[in-house]
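Listed next as structure tokens is one chain, alone, in the form predicted on its own.
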């Protein structure tokens, strides 16, 4: 499975974000079996998607960079925060910009044939679970195969140490299980 390339990122750019910490743990887990890129969306600021802006100026430079990164990877691990029951506007904006055509490459190319695993972490009891169905629907609609395995971690303030590591080791096998399911699917699709 070592030839699988996995892009891991969080839908939050907040310092100390539980989902950024979850993404880091998932990246470590996937790194045992794949080539992993841990991405911080804070490094790729973009305007809110606007069709008029796109028509006048084309894709923003950071959208082009992200588009290339998405295109170069076989699989995605997305750690999504939950904002009022949905995934973050940042995550939606990122996915929208990456979906747009660039030069001679049609839209949605960076998503075609890709597989994704969804994770969430939240201080609340449901752990961000309410955001995952809408994210799953969006990704499926643009051509990404989202594996059934997913994980939502509630009470995240007692699970993570603030440095991207788990305080509560009981979550590691659950994270590893989702990552393993993703790796098996991505490897099978790539074969």
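Worth saying up front: this structure is predicted, and the values here are computed from it rather than measured. Residue numbers count along the first chain shown, from 1.
Keep in mind that the form predicted together with a small molecule is missing from the display, and what follows is about it.
Enquirer: Looking at 40-48, 57-65, 25-33, 127-135, which one sits within 4.5 Å of the small molecule in the predicted bound form if you count heavy atoms only?
Expert: Going by heavy atoms within 4.5 Å, the stretch is 127-135.
Enquirer: Even though the small molecule is not shown here, does residue 164 get within 4.5 Å of it in the predicted bound form, heavy atoms only?
Expert: It does not: once the small molecule is placed as it appears in the predicted bound form, residue 164 has no heavy atom within 4.5 Å of it.
Enquirer: Is there a non-hydrogen atom of residue 74 within 4.5 angstroms of a non-hydrogen atom of the small molecule in the predicted bound form?
Expert: The answer is no: residue 74 has no heavy atom within 4.5 Å of the small molecule.
Enquirer: Taking heavy atoms only, is residue 18 within 4.5 angstroms of the small molecule in the predicted bound form?
Expert: Residue 18: contacts the small molecule in the predicted bound form.
Enquirer: Is there a heavy atom of residue 150 lying 4.5 Å or less from a heavy atom of the small molecule in the predicted bound form?
Expert: Contact with the small molecule, no.
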